[in-house]
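Here's a solo chain for you in structure tokens, the form predicted alone.
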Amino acid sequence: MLKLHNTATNKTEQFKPLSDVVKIYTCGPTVYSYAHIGNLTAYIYWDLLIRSLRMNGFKVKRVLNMTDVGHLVSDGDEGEDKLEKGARREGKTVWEVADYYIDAFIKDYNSLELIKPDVLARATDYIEADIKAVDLMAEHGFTYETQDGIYFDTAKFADYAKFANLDLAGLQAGARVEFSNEKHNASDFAVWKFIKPGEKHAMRWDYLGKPGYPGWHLECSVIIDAELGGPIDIHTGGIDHIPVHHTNEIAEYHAMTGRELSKYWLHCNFIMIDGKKISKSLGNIYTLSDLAERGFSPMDYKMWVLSGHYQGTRNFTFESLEGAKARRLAWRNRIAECYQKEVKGDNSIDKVLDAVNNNLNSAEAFAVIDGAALSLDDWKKVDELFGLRLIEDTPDIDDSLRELIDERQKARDAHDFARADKLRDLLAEKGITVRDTADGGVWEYLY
């Protein structure tokens, strides 16, 4: 039975779907720059969620959004849109920036062997639905208009602070009045922003006779309603989404529909790099391309991510990534052993599944795998569950390599060690080594 830690209740609960199809929404990237490895970590963990649901026999419909408008540089409705910032940086239009980085994200996503979402939703495809949603919230008495936009009145939603256990009184006391003296409450947020005269903002749509664009949080509420219909089963994201983004989604969806947004909420933790927060100023932002330049594949990184728990605090170092790479190679060579002799499983694969079913505990599952006897069929299940491309990257060797291995063994038996060494070097050039045992040579992959 699959158990998940529900942020809404702060408890690990047995998963019980609302219907025959499990509806899942994942907060996607803001597409103004390349995704770094910290960004990609969440999608690796949520891929494990999808795979575990399928392994448990559930049918899944999943939506992943692309934020291509409306996300300001501050979560507090301040600054400029991140797409505008990216366009100015690169001398492109905002549309070109969005298209380019959506393609880059999908390329990284696919290289990590992540299961494709059923719906890949761009925020700009839902503008008409956004406007209807703002109208609905206004009709239901949850919004008010200011000079710079339409704001959600959080005082009108009694449960606003419940999800994130917010201290609204403290927030109000610490509010900076000079920011916006038109806001009714410090926690109020924009559902629609007006473009000020002279303000450069290429993405704009008319609403109430003024040019503007949707607030960042609105896209998720609207896309969920349009593509899945709430309440959904599971909403996923990072822990940074809890106090602002997800709290505001819940409020908006209630104001739009009067319904709960999601039954289960799952949040993954951040990763640190060398014990420090990921930051451009610290120069510790790495992409998958950066890792490739250092000799690491996307699967090496995925291996590192899944070696820890999604709720745990993780510290990335290149030494730890080297360890994950070596671990994956060791697993692949255990698959290679299955090609050379019959390996019977010891039923540890059931313990692997049990570990993952316990709140996606991939760290525990990996520890079980390290000490288990797994058959080739078991390894196929490991691949199905974790998407590490172990079988695909570990093909059985062909006849030409087998002949070289046989020739090397004959040379050793004849004490022709010079020829044996030459054949060993030739095998190494082809990425193969032979480990000599009492029962004869066992071939393995070098990388």
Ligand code: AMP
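Sequential numbering from 1, following the sequence displayed. A quick note: this is a predicted structure, and the numbers were derived from the prediction, not measured.
Keep in mind that the form predicted together with this ligand is missing from the display, and what follows is about it.
Of the residues given (Lys82, Arg328, His309, Lys156), Lys82 alone sits with a heavy atom within 4.5 Å of this ligand in the predicted complex. With the partner omitted here, the residue from Ile271, Leu166, Ala138, Ile195 that has a non-hydrogen atom within 4.5 angstroms of this ligand in the predicted complex is Ile271. In plain terms, the part of the chain that comes close to this ligand in the predicted complex, with a heavy atom within 4.5 Å, is 234-242 out of 197-205, 234-242, 253-261, 96-104. Heavy atoms of Thr394 never reach within 4.5 Å of this ligand in the predicted complex, leaving it off the interface.
In the predicted complex, this ligand sits beyond 4.5 Å of every heavy atom of Arg51. Not displayed here, this ligand is kept clear of Leu321 by more than 4.5 Å at the level of heavy atoms in the predicted complex. This ligand in the predicted complex comes within 4.5 Å of a heavy atom belonging to His36. Annotation for 212-227: no interface residues with this ligand in the predicted complex [heavy atom within 4.5 Å].
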